[in-house]
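Form predicted alone, single chain, as structure tokens, below.
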Amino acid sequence: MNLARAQQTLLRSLYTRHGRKKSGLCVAEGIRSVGELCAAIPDAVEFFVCLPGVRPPVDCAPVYEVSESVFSSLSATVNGQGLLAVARIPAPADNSIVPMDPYLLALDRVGDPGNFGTICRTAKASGLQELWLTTGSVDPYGDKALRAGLGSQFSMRIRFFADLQSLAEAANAFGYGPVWLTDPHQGENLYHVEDLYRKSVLVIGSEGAGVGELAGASRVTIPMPGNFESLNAAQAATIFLFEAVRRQFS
């Protein structure tokens, strides 16, 4: 099948937030990202684009085989693995659905797509099913975020909130609390907080601005004997997430 010029134009527009918002579509690129998409929501795939000899993991949508030069013009990466998929962006999660996670992970204005994607992938690997975001956070379905997350976004329930206050209120309505704000400089030692992961809300902030203020919340920190300024947001999230895993299996 031949990929029409209009489809090529559409695909290129999906690398912009405006294009995604206008069309309701996103582009997943690479074997892992496309595989996660197909495993989670195959019916959302509109079409695949691939190089000769590369095939999608499942037969759920039209496949367009193109030359290397055409694929290169449509890909956002130098080594795109010869496969991409255009898919409908999942509808926002129904905030009336009761969460099943033992604790909630929230990101407050995490705007870096690499950090966001890595945190999303790590959260899934740690066993969480949800990720809560405040306004100002990155578009979860941007191409950079999808590449960093290896498409894990497609199998996570992502909920959106205007700010930390509304997020905390929603969590409290489901019986989650207290709220713990991660902080590189102050707060209780994460290894000493016994109830840190028991029906709580753990909030990771952006690397630059940190986490916002929230009345009644407590702060928790990662001890750093080296006395360095701070950790990368995704690195910090990994430590917190897998401390929960360690406790689960210890």
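Counting begins at 1, following the sequence as shown. Computed from a predicted structure; not experimentally measured.
FYI, the form predicted in complex with another copy of the chain isn't displayed, but the following is about it.
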Heavy atom within 4.5 Å of another copy of the chain in the predicted bound form - residue from Ile222, Val66, Leu214, Val45: Ile222
Heavy atom contact within 4.5 Å of another copy of the chain in the predicted bound form, the stretch among 124-132, 157-165, 171-179, 89-97: 124-132
Proximity of Ala234 to another copy of the chain in the predicted bound form, heavy atoms at 4.5 Å: yes
Exercise: Leu74 in contact with another copy of the chain in the predicted bound form, heavy atom 4.5 Å: no
Non-hydrogen atom contact Arg55 with another copy of the chain in the predicted bound form at 4.5 angstroms: no
Exercise: Arg32 in contact with another copy of the chain in the predicted bound form, heavy atom 4.5 Å: yes
Residues from 93-120 in contact with another copy of the chain (non-hydrogen atom within 4.5 Å) in the predicted bound form: Thr118
